[in-house]
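So this first bit is one chain, no partners, the form predicted alone, shown in structure tokens.
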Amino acid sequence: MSLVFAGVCSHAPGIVGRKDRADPVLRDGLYAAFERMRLAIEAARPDALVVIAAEHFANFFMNNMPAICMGMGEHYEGPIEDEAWLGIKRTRVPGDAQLSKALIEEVMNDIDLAYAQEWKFDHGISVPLHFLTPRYDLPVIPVNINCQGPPLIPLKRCYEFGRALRRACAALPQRIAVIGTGGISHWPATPDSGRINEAWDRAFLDKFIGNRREELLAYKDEQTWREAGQGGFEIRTFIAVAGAAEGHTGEVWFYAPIPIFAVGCTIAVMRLRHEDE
């Protein structure tokens, strides 16, 4: 069939865990944008949702850190964090092992990736699902891109992974939605937590929604670390979505720096032209 939806969103734990401490106007605006994205995903009628995230040492560590890994389980559990701290109850999330396997086989024609039949979701996936699939009735296929432990995968490979994922979706009969989650600028678990570089974020988002490949791939990790923090390495998930939506542009539905959430909170989508329309 095809890729029927592509977008990106933030996944910071404070979005749910510290919701009562945020500016209510900004918080409610972010929540409304999440709801708009949920409705858009449902309107696209996907058979599964691929979530491209950057996990935080919940499943992988430096003794075994795949550059890209895709889940291939019948189900997943999460969040791995304390329920009271994160504000999300632990639950079982349905997967689709056969669809995952088919996607993996197609993607591997173009790019190498690891796969895992067991996966514990952390906030990087659980926060978006809390808003976008609140009934947990849509099969989820998780993808992890290493944004934590150098050497990090080059940005161009993230874009190529997105392109390969798009081709894989086109080769299968199912309807697939994809979201990338992460960043943008933030300095998690450091004395600078809560710092946000709004100018950097907005410049990156302008390149993202314009899907200007060369400009997206021109970012250097050293520059990103200085200007957007180590959390800024998560632009890799956004760039993978840009690759999946190659040839299409998008729009930002919400952006605001919310310091208590410790990130520039973002909801953006790509305008896909569907083959069946």
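Residue numbers run from 1 along the displayed sequence. Note that the structure is predicted; figures quoted are calculated from it, not measured.
Heads up, the form predicted in complex with another copy of the chain isn't pictured, but that's what we're talking about next.
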item: Heavy atom of each of I111, G149 and I153 within 4.5 Å of another copy of the chain in the predicted complex; value: yes
item: Residue stretch of 171-179, 154-162, 127-135, 202-210 approaching another copy of the chain in the predicted complex, non-hydrogen atom distance within 4.5 Å; value: 154-162
item: Contact flag, A67 vs another copy of the chain in the predicted complex, heavy atom cut 4.5 Å; value: yes
item: Any non-hydrogen atom of E118 within 4.5 angstroms of another copy of the chain in the predicted complex; value: yes
item: Close approach of Y31 to another copy of the chain in the predicted complex, 4.5 Å, heavy atom; value: no
item: Another copy of the chain contact in the predicted complex: M72, any heavy atom under 4.5 Å; value: yes
item: Residues in 42-63 with any heavy atom within 4.5 Å of another copy of the chain in the predicted complex; value: F60, M62, N63
